[in-house]
Each structure stands twice: as structure tokens, then as C-alpha cells.
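The data below hold one chain only, encoded as C-alpha cells and taken in the form predicted alone.
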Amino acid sequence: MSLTHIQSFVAVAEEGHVGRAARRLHLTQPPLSRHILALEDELGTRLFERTPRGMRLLPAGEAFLRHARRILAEVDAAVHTVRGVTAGRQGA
């Protein structure tokens, strides 16, 4: 599972629509759809219900969204920490 797949999942979950999520991520729809399908394949379950108006989270998607947001927050915190350590060394 890649961070790209997790970021894609969160964007689609928050936007409720692949097109809007693709614009948000500066992607086109086909690769974004492939990210979601690959993630669902890896997890062995569907995360979204595809509707004529967009995408709706299924219960498995709701559960995964909480974890996905925490994962992305932890990655952001790690990057921030490392950059802070690096900046501290450069300023010393």
C-alpha cells in the first residue's frame, strides 16, 4: 500500500467524486481510479459505492478513512520533525 493510494483514497472520500478529487490532486481521473481500485484489491473489499452522482463511502471505507487520515498526519509530522532537526543542525 502506497502513500499515493492513501492520499488518493482520502481525496475521493472527502470530495465524494473522482473528478473533483483528481483536480485537487492535480491528476487525471484514470490514474486516480486505478489507485482506488488497487487499494480496494489490496484490502480485499470495496471501499466505495459508485453512484451516478459520485462515490459514497461504504462501512469499510468509513473505517479505513479514520486510519488513512492518521497515517497521513503521522507522515506529515515525521517530515516536519526531520526538517526541524535538519534546520537545527544547519543553524548550529
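Residue numbers run from 1 along the displayed sequence. Bear in mind that the values here come from a model prediction, so they are computed numbers and not experimental data.
Keep in mind that the form predicted together with the DNA is not shown, yet the notes after this line are about it.
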Inset, instruction - May I ask you to choose, among 43, 58, 37, 65, the residue with a heavy atom within 4.5 Å of the DNA in the predicted complex? - result: 37
Legend entry - the DNA contact at residue 18 in the predicted complex, heavy atom, 4.5 Å: yes
Inset, instruction - Using the arrangement in the predicted complex, list in sequence order the residues of 35-58 with any heavy atom within 4.5 angstroms of the DNA. - result: 35, 37, 50, 52, 53, 54, 55
